[in-house]
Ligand SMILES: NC(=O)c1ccc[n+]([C@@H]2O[C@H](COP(=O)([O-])OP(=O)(O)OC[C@H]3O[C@@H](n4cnc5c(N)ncnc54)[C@H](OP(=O)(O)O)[C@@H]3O)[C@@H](O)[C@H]2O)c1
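We begin with a single chain expressed as structure tokens, specifically the form predicted on its own.
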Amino acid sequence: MADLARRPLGRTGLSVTPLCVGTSALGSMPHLYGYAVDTERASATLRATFAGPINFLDTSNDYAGGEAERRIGAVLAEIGGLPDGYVVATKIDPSRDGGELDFTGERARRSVAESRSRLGLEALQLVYLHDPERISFEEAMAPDGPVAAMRRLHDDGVIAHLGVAGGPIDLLSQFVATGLFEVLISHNRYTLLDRSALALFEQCAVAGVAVVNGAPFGGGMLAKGPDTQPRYGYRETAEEIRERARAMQRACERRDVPLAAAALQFSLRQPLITSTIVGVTRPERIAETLDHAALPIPEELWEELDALAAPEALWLR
């Protein structure tokens, strides 16, 4: 059985399990993941999630155009509300009304209002500024920008804790340095293949910011293998990345270790990471994830996998 003892989520006062259920695919985004998830399957998965040993769930305003939040809210209403001790985090997203990106403070307020309505929650425990690389740091931090709106919503008691979630390491470092955020999500940048987020995680540790690691499978390559999922980080990648992933897969097979188990435990064994997000789209996937988290992995395999990591020139950064 995986160790699911709850850990302090930085300075928030919340306690979470080292595993967090990700819900982007639960809204059904076949264009991104290659498969659809109908409402019945999503609802069954969410019921199992809220009844299971993991107490941390991650979603976002714009996952499947809000459908992920709607499905979560429907199940929460069905089971009588959020279970005691459970933490649900969501994210602020821009809109594209008329095709033009709107990531203003006003849009941030609407995003939070939409999330509260869909989830059926009067107040939100943790809300992240999502993918701020879509605008400049200066726009995000402007008096009429989304960060200022988040701070006002926090002061009004609508948001309990603020986080930032995104990709580019240097940009996330700027947000951490403001001292305004209590939790950070980095995705696809701390995996068996890519280690570019490590310095950012060290910065967070000094600042007292909790780290949540997203996409430990690199968008599927490190779960299904590069011949089934040739894209890394939701994008086309160098053939060398795929070759290294194939070599990792062969190394794991020689020791009867699923590649997905090694990829998951690579994140779980990093002490700078409080929780790791794993997408779940079937009820049985929860037990499978727990099995992968608990599987014994010999030290010599870790040494071999470390030697196969991509060179810095191929990291996403």
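When you see a residue number, it is the position in the sequence shown, counting from 1. Note that the structure is predicted; figures quoted are calculated from it, not measured.
One more form of this protein, predicted in complex with the ligand, exists but is not displayed; see below.
Undergrad: Name the residue from Pro146, Pro216, Gly163, Pro226 that puts a heavy atom within 4.5 Å of the ligand in the predicted bound form.
TA: The option sitting close enough to the partner is Pro216.
Undergrad: Could you check which residue among Asp194, Asp131, Glu114, Glu182 gets a heavy atom within 4.5 Å of the ligand in the predicted bound form?
TA: Comparing distances to the ligand in the predicted bound form, the residue within 4.5 Å is Asp131.
Undergrad: 242-250, 75-83, 138-146, 208-216: which one contacts the ligand in the predicted bound form at 4.5 Å, heavy atom to heavy atom?
TA: Flagged stretch: 208-216.
Undergrad: May I ask you to state whether Arg70 is within 4.5 Å of the ligand in the predicted bound form, using heavy atom distances?
TA: Contact with the ligand, no.
Undergrad: Could you confirm whether Glu288 comes within 4.5 Å of the ligand in the predicted bound form, counting heavy atoms only?
TA: Looking in the predicted bound form, residue contacts with the ligand include Glu288, since a heavy atom lies within 4.5 Å.
Undergrad: Wondering, does Phe56 line up within 4.5 Å of the ligand in the predicted bound form on heavy atoms?
TA: No, no contact at 4.5 Å.
Undergrad: Though only this chain appears here, would Arg107 touch the ligand in the predicted bound form if you measure heavy atom gaps against 4.5 Å?
TA: Flag for Arg107 set to no.
Undergrad: Taking the ligand as it sits in the predicted bound form, which residues of 29-45 have a non-hydrogen atom within 4.5 Å of it? Please list them.
TA: In sequence order, Tyr33, Tyr35, Arg41 come within 4.5 Å of the partner.
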